[in-house]
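Look below for two forms of one protein chain, each set out as structure tokens: first structure 1, then structure 2.
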Structure 1
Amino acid sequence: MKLLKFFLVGILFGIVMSKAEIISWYRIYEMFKFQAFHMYGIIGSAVILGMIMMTFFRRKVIKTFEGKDIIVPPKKPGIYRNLFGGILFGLGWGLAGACPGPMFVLLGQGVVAILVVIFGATFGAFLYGVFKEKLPH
């Protein structure tokens, strides 16, 4: 049960990524062409609701199911890591039309070619570990 609940949340994630066509390469292309509101509406509404949620977390109005405080770990500061890492990620996102979440959903959809992308992404994470010390952060 401890891990099963995460599996169930993952199923909901896979379904919503599919049903709202977030897994579609075309939706990402269309977003970067500014030709539809769809993706902006999804991310925007999630972020606005998320802001309200985070306020409740910070004020300890909402706690975990075990009654512990919810602490959202801060992101690491640094222009270089976030900007250069972000640009590289964006180039891949624009080309593959899938970020890490949708990649796995597409695997469940039976898309064989996404295996190459997932392998590449895992290898990319490994390469980051290799070059970490030499990169600006």
Structure 2
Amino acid sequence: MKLLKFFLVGILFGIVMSKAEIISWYRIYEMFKFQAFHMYGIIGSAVILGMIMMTFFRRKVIKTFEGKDIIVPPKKPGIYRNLFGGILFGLGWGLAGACPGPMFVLLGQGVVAILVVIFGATFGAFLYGVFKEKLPH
């Protein structure tokens, strides 16, 4: 019962993604071909909102539900790992036609073939966990 609010927020988020056509393969295809601003506008607004929220976290304006400060540890500087990770993520997104969040919305809409993509994403995360210590960070 305690997790019900998170479950309901997840359902609402899935409905919003569906109605905004974020899960549409065609919208993703348009984005990668630079034919439409739709996805760039959504991603850009998410980045701006993330920057605002991180500022609030760092200034301790927003706290957890228990009233504790949200501490964001600083990231190690490095351009290569971000470029490599971004390229790898983008290639997977382009090949699959879905990024991690919309994969589950597509499954909820009955697109059974997305199970192959979900399996591949889960297996990739598992492989990262196995080889994490050997990768340059």
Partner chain sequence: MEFITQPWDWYVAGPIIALIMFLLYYFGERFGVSHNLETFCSIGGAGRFLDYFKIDWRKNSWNLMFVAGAIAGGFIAAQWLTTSTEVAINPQTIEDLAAIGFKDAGATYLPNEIFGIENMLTLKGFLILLIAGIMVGFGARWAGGCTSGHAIVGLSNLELPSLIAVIGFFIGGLVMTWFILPLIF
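We call the rigid core whatever largest set of C-alpha positions still superposes within 1.5 Å between the two forms. These numbers come from a predicted model, not from an experiment. Residue numbering: structure 1 sequence, from 1.
*Asks:* Would you check which of the pair is the form predicted in complex with the partner chain?
*Replies:* Here the form predicted in complex with the partner chain corresponds to structure 1.
*Asks:* Hey, does Arg58 budge by 2 Å or more at the Cα between structure 1 and structure 2 once the core is superposed?
*Replies:* Arg58 C-alpha, core-superposed: shift of 2 Å or more.
*Asks:* Determine, after fitting the two forms on their core, whether Ile48 shows a C-alpha shift of 2 Å or more between structure 1 and structure 2.
*Replies:* Ile48: C-alpha displaced by 2 Å or more between structure 1 and structure 2.
*Asks:* When you overlay the rigid core, is the Cα of Val112 off by 2 Å or more between structure 1 and structure 2?
*Replies:* No, the C-alpha position differs by under 2 Å between structure 1 and structure 2.
*Asks:* If the core is used for the superposition, what shift in Å does the C-alpha of Pro74 show between structure 1 and structure 2?
*Replies:* Spelling it out: core superposed, C-alpha of Pro74 shifted, distance 5.0 Å.
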